[in-house]
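Just one chain follows, in the form predicted alone, and it is written as structure tokens.
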């Protein structure tokens, strides 16, 4: 490996070990802190509320899964957080703080407000501290550039001291990390398979040892075998280099294997947050339950899958009450009149936005939303906190 690659031990020291849930968190514990974050498309009467008052914190060296149907605001959220959202998308409220750790002093972090950062500040933190893997690698890669030029441009811009030979060697090392041969650097994007192109995007995202990597549905267009290979590689790379990750997908079953904690989004808001195992075994929001029941189990009786009735709401129309009420099989009068807040329930740190779990409970909670869950014995990944 070249001198630019930080070894595993040093990297984990630089990022810091993730504290336990009982420890008082500090800025150094979180790589990203998002509060009351909102995004709109358009203005005035034509305004669409795509993301509304999202608050979440991502701990270092953990994976946050973001799940939801198409149009739930997942991609809009991360594009706005990284300031890659194009007009007419507008950040209309809140803030997003990226806590950049220092190479010289691992105990010191510098907060960067991504919502107000200048273009110069954004150029400094992009790739080096936060990077993104887009959903369509064929569209993200320049079709008239060889793969090697993509790596060379990133390294030449951010690592000016590296010679051309060192940049080439570094690019070969990065491809090796994702299981590709060095000769792929001489290929054009259309000469690679879908899985190979996605691996190239992952290697590019890791080129400068970022603290946070955002994955926007990186496996959606791939077959299940290639999808499995890439998920396995991502888990190995994260364990090896200790970066935090935000992984966006509509496939909850995929997140259970990769994520430490999961937030479920609907109509631009977070409706449930829990650890991956807890959410999979014991969902608390009717929408989460619907998502889980939309995927066939590998074991057990064969049964007909019904999915979630109805369609997502029109975000251009301001609604009253719970946005999921028109599709919810457990809806009550209060659901149509009042919007439930995302509130903590139980003692495990999970949160849900549903009046069924209000205290005192207005009605008996359905059995499907009150399953018991036993935490695994031993240390668990601290994951993400959210309001």
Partner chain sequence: MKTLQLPRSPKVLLGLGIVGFFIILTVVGPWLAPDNPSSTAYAALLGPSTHHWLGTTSLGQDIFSQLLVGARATMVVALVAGLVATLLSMVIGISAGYLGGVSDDGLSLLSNVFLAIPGLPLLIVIDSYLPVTSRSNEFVIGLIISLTGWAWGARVLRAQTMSLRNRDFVEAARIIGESRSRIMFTEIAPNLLPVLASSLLFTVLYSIGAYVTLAYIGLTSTATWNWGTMLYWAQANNAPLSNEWYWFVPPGICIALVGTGLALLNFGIDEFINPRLRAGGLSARQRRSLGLPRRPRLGLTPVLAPRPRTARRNVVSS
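Numbering follows the first chain given and starts at 1. This structure is a prediction, so every number in the text was calculated from the model and none was measured.
This protein has a second form, the form predicted in complex with its partner chain, left out of what is shown; the following refers to that one.
Asks: Residues 62, 75 and 265 are flagged as a possible site; in the predicted complex, is every one of them within 4.5 Å of its partner chain by some non-hydrogen atom?
Replies: Zero of three within 4.5 Å in the predicted complex.
Asks: So, residue 43 and its partner chain: in the predicted complex, are they within 4.5 Å at any heavy atom pair?
Replies: Contact check for residue 43: yes, within 4.5 Å of its partner chain in the predicted complex.
Asks: Check whether residue 182 has any heavy atom within 4.5 Å of a heavy atom of its partner chain in the predicted complex, and answer yes or no.
Replies: No, no contact at 4.5 Å.
Asks: Indicate whether its partner chain has at least one heavy atom within 4.5 Å of a heavy atom of residue 164 in the predicted complex.
Replies: Residue 164 lies outside the contact set for its partner chain.
Asks: How about residue 269 - does it come within 4.5 Å of its partner chain in the predicted complex, if we only consider non-hydrogen atoms?
Replies: Because a heavy atom of residue 269 falls inside 4.5 Å of its partner chain in the predicted complex, the answer is yes.
Asks: At 4.5 Å between heavy atoms, only one of the stretches 66-74, 322-330, 34-42, 355-363 reaches its partner chain in the predicted complex; which one is it?
Replies: The contacting stretch is 34-42.
Asks: Using a 4.5 Å heavy atom cut-off, which residue among 104, 314, 119, 223 comes into contact with its partner chain in the predicted complex?
Replies: Checking each option against its partner chain in the predicted complex, the one that comes within 4.5 Å is 119.
Asks: Have a look at 83, 169, 250, 240 for me and say which one sits with a heavy atom within 4.5 Å of its partner chain in the predicted complex.
Replies: It is 83.
Asks: Mind listing which residues of 54-89 have a heavy atom within 4.5 Å of its partner chain in the predicted complex?
Replies: Those in contact are 55, 57, 83, 84, 85, 86, 87, 88, 89.
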